[in-house]
Structures are given as structure tokens and as C-alpha cells.
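Quick heads-up: it's one chain on its own, the form predicted alone, in C-alpha cells.
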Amino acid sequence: MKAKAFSFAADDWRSGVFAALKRQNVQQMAYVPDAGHASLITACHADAEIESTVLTTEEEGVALLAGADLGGQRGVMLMQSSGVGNCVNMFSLLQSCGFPFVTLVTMRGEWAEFNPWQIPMGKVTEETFKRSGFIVYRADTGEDAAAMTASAVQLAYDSNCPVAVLLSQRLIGAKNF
């Protein structure tokens, strides 16, 4: 059962990202819960045209979205940079089989980070994606995030390639819990 209709706060840049996903006909969204994606996750759950799946670990999303593609649906995975390392082995599925794949990644371990455990993976996230064969975009503004999301989905599904959009920690805001 879908949640009630959701509306973004007036200043929430994620509304542009959600609009881009809708324009690109994204029908599947997989995620590991993350505060940086919270309003986007809520909006996807409320949308009757998007099937939202909570994951126990990020690598499950790679297989789930490969299956969505085989079924003729476009999908996107939402995750935090700390989860990228969990997916490295599964990324070989994308390269070996030529699946399109899009992930929106909230970055940790950079601007105003309070948790030293987030820094090591935050420093190597972009390079990990590149070494895994991804095209990588980095969004530092809300406008960038919306435009890059639309571009990433189009590129991935037109070219059967993996694309990651890194959402900078400055964009998502410093966590202080």
C-alpha cells in the first residue's frame, strides 16, 4: 500500500531530482535508509508509479535493478558513500552483462564530517566507481543534482552503462547527530 501524497519543502533540492526521475520514467527505486535521501525516499514510496524496495545491504540493489532492466523497467539506487564498498563485487555483473545502472550517492567523509569512520570510504568513492567502469558525475548544487540525475538515467539506459551521481556533503548538509 502506497503512502499518502508527499510534497517537498519549498527549499528541498530533492524535488528537482524526483521530477527528473519521473521525466525519465524511472519505475523502480532501491535504497538502504539514509537521512540524506529521506524526503526522496518518502516521495518515491508515495508515488504509485514507482516501486520502492528497501535493501538490507547495497549490493542487493545491483541485482534488483539488473532484474528490473530485464523486465523492461528503469531503476535507480539510492545509497550513501559508505555503502559503495559493499557493492564492488556485484559491479562486475554490470560490466559483464552490459546492464544499465544508475545510483545517486550521498557523500560522507568530506565537508564538515563529524565521524572519522566515514572519511576513508568518502575519499575513495569516486575512484572506486571509476575503476568499476562507471561514468561519474558530482553535484554540488541542487540544480546540478536535478540535471545530472536526468542525464545519468538517459545515458545509462541509452548506452547500457553504469552511472553514479555523487551528491556532495555540502549539498546534502553536514550531519550533527
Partner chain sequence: MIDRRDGVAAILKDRPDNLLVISGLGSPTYDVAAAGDVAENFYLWGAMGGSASMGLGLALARPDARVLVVTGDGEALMGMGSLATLGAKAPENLAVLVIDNEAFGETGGQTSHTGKTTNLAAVALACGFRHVLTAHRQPDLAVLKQVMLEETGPVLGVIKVGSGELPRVLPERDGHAIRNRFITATTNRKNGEKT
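This one's a predicted model, so the numbers in the text were calculated from it and none came from an experiment. Numbering follows the first chain given and starts at 1.
Form predicted together with the partner chain: not shown, discussed below.
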Considering non-hydrogen atoms and a 4.5 Å limit, which listed residue (A35, A112, I119, L70) is close to the partner chain in the predicted bound form? L70
Going by heavy atom distances of 4.5 angstroms or less, which of D47, E60, D144, E126 would be at the interface with the partner chain in the predicted bound form? E60
Can you confirm whether M107, I135 and L155, the three residues that make up this candidate site, all sit within 4.5 Å of the partner chain in the predicted bound form, judged by heavy atoms? no
Contact between L64 and the partner chain in the predicted bound form at 4.5 Å, heavy atoms? yes
Heavy atom of N160 within 4.5 Å of the partner chain in the predicted bound form: yes
Find out whether any non-hydrogen atom of L55 is located within 4.5 angstroms of the partner chain in the predicted bound form, and reply yes or no. yes
Answer for G83 alone: is it within 4.5 Å of the partner chain in the predicted bound form, judged on heavy atom distances? no
Checked 96 to 112 against the partner chain in the predicted bound form; residues with a heavy atom within 4.5 Å, sequence order, are S96, C97, G98, F99, P100
